[in-house]
Structures are given as C-alpha cells and as structure tokens.
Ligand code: AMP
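Given as structure tokens, the chain that follows is alone and in the form predicted alone.
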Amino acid sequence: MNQRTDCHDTTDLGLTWRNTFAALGNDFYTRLSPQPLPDPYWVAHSETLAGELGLMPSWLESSEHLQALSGNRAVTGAEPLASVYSGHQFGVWAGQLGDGRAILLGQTAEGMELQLKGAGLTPYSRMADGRAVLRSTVREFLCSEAMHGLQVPTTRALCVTGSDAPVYRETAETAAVLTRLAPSFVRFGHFEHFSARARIDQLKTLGDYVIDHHYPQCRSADAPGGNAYAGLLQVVSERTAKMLAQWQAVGFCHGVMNTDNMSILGLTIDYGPFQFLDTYQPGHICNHSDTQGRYAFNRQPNVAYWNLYCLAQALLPLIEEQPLVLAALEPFKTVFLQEFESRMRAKLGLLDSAAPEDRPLVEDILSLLARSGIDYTIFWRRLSHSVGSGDVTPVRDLFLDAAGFDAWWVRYKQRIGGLPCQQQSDVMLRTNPKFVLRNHLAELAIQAAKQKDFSVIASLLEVLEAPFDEHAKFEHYADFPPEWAHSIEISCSS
C-alpha cells in the first residue's frame, strides 16, 4: 500500500467545515487519510456545482486542489474517515460492509458532505483494492449530474481526477477518484449494522443524529404514536417512494438496489450498473451480474419496499411496537402510486385534476410501448412536440401496431381537449427530457477519456445539466442508440 496522505502537507479548499458525523465517535467509523493517487490529472468537473459550493473560479488552475482531491494532500479543516455499515445484497444478509473505497472528508458549514470515492484501502475494503476505475467513475460523474438535471434526488459529483496507475478488474484499467457530495451518506445499512449486533445505544445515537440533522419534524406529535423513530421510518418511506416514482417515470434502472445502496435521505446513490431505458421493456435487467433479475426495472418499487422493511426491522428496537412499524411503512404504497400517476399525467400534459380515464391512458400507452419495443425517451419527446404542432406522424411512425396507437390517440385527444395545444406541449417539454445518459453515450465518453480526450465528457455534461433544452448542436446525443449499444454489458465490477 502507498503511504497515506502526509497530514503536514495541507490544502485549503476555501470551505468551512463542521464535521458532525465525525462527532459521533469511533464506533461509527475508522479515521484514516486517503491513499495517494500517483501523478493525477483532471478528467472532468462541474462548474455548476463548484459555483454552488462557492469555490473560486480559479480552483481548477490550482495544482494543490488537484492533489487534494486526488487524495495526495490533506484538506485543511477536514476529518477524513471511512464509515462502517452492513446490509442485504441481492436479498441475502451480507454482514459487515462499509466504505471500502470511499473516504468522507467531512461536512461543510452549509451541510454538504464531501467524499473521495476510489481513495484507497480502508478497513472495510474486504478483498478489494479500495480503488475505482476510470470507466465507472466517468459513468457516476455524468449520471449524478444528469439525475440532478432531471430533478431526481441524487448525490452530486464535483470532479474526477485520473491516474495512469493500473487497477485490475476483468482486465487492467486505470485509476480515478470521484469527489461526490450529499447532505448525508448514511444508508439503510448503517442502521442494520448496529441493530444486527444488538448495539442499541449506538443505534439510538445514529437515529437521533439523523433526526436532529435532517428530520427534526419527526419529534412532533404527528409521528406515528408520537414515536420519533417511527416518524423517521415514515418520512424515509415517503421520500423513497417519491424517488422510485421518479425513477420509473424517467425510465431509470438502478441495477443494484442493495440495502447498503439505499440513502436515508431518499437520494439516488452509488451509480454502479445503472441504465436509462432505450426501448421500453418493463422487465429489463441492466446489471449483467443480476442473473436472477432481482433488480429488473419493473421490480424496483417492490424491492424498495422490501429494503424499507429491512430498515424497519433495524429500527424496531427503537420503535418497540410492531403496529407503529407497520403504520410507518404503509405510506410507501400510496405515496408511490400517487407520485407515479402524477408524473405520468404530467408526461401526457394533463394539467387539470385527475380523471377516471387517466390511469387506463397511462397503462395502455405503456403496454403499446412494450409491445412495439418503442424507444422510451424519444417517444415522450416526440409526443410533446406533436401535442403542440398537431402533427402526430413522427409519433405514429414509431409503432409497429399503428392501429393500436391510433385507437389510443383518439382517446388521448379527447382527454386533452383537442390539438394543437401549446400550453400542454410546453409543460410536456419541461417534463419529458430530450437527453438522458444512455449507455452508449457514456461508453463514447469513456473511450475518449481513455485516450486523454475529455471533450466528450464536457459536451455530455452540458446537455445533461439541462436535459429539457433543445441543444441543437448536440442533436446527435438525442438519436436512437446505434446497433452496437445493445451489446454493452454493465456489471458490478467497478
């Protein structure tokens, strides 16, 4: 192992730190510094997020910042650590896990935690090397910011640094470090860890920490039975339900919804074998490692509920009463359905109150998309334009079952009150993105980055930060995927 960062060699990132998670104590983490990354170089960065953090415009020109965000220099005011957690992986209890390659630098005064992912071995690396490869790091960087552009709750990504240092997966690859941010990186698995070991004092400390810093409303009388921990479970259930509804509406497949990959804040976290749907296939499995199809696209809501049940079991020693646990879980079902239907109605441009025919309209068009193998993103975008122009031909041309679409189109026109309708079209164009991070687009960025060409990452980031805009000069990023895209396989190897 390379030597750890020299604590005397520090860099001031211009951030003010408060490090509340570090104050929990050594039961929750191991203090350690990042492992230096040899000869690092900049790969990608988000100017948008840098501005939100208040970083100086010249931050990318600083070699000290490059070294610090590669793990080679200590950061002034940070208290780096790797946290411990456990979890269920593919439905099976995996025991102790933890930050095997991510090191939390600390928390800013504005409440954002910064992690370096790929920053070297930790006590929780198990048999791994603690590194991340360029391939997966580019994918996570782009998708984090793409999801933010789509207004889906997510961790964020500030920058990627790379190195020619070899990292071995199925083949030799090169190393990279991702600087990612979130208000908290606490996962369901953090609670499972202490509950499984009957360490109730630590479980309570963690629960109080999350409530006090993120969900103070849980201490109100509105919590189930007036129990703050039941209130915590309920608000997490509701947030998770809303996030899943957004995933399903935009066609996002997470690919590895283990309980250790579920955020206590209802954020999309840990972008491993993810994918945005190309053709609409409800049973699509994006993770080549998921041989049983546990995390297929149409199973994601049920898996989320299963994961919440695992969280509920972990919180039971604090909630104490089983009826309160069940009451706290119950909102997931109604919130998911309401949120999903609301988002699908928006995709159809239905601006008035819900009508009885709305659900069949949604169900029937999804069935038609599946039967004809229609590209999910392109269909919704073309439909958005057709509602404004009155010309349905570009949409109809997508369907093999033209008669089936025609019958649906008649019902749809009646529901929205005739065409053209620019108001509905405008709403739909702000709801149905033109651009998503398709697998083949990420692959183009990765292949260019391997040759030290980072321009594709930069241009993709430009459109993904504003995915509802037209971006005429990047029209090719909104095309149908090429034939070779169907052969891309994404696995848990990263």
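Residue positions are given as counts along the sequence shown, with the first one as 1. Since this is a predicted model, take the numbers as computed values, not measurements.
From this point on, the text means the form predicted in complex with the ligand, which you will not see here.
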| property | result |
| --- | --- |
| Contact test, all of Tyr85, Arg101 and Arg131, partner the ligand in the predicted complex, heavy atom 4.5 Å | yes |
| Any non-hydrogen atom of Asp278 within 4.5 angstroms of the ligand in the predicted complex | no |
| Contact of Met243 with the ligand in the predicted complex (heavy atom, 4.5 Å) | no |
| Heavy atom of Leu97 within 4.5 Å of the ligand in the predicted complex | yes |
| Touches the ligand in the predicted complex: Arg371 (any heavy atom, 4.5 Å) | no |
| Sole residue of Arg126, His288, Arg396, Arg411 within 4.5 Å of the ligand in the predicted complex, by heavy atom | Arg126 |
| Proximity to the ligand in the predicted complex, single hit among Arg197, Arg169, Lys204, Arg359 (heavy atom within 4.5 Å) | Arg169 |
| Listed range touching the ligand, judged in the predicted complex by heavy atoms within 4.5 Å, from 170-178, 371-379, 259-267, 346-354 | 259-267 |
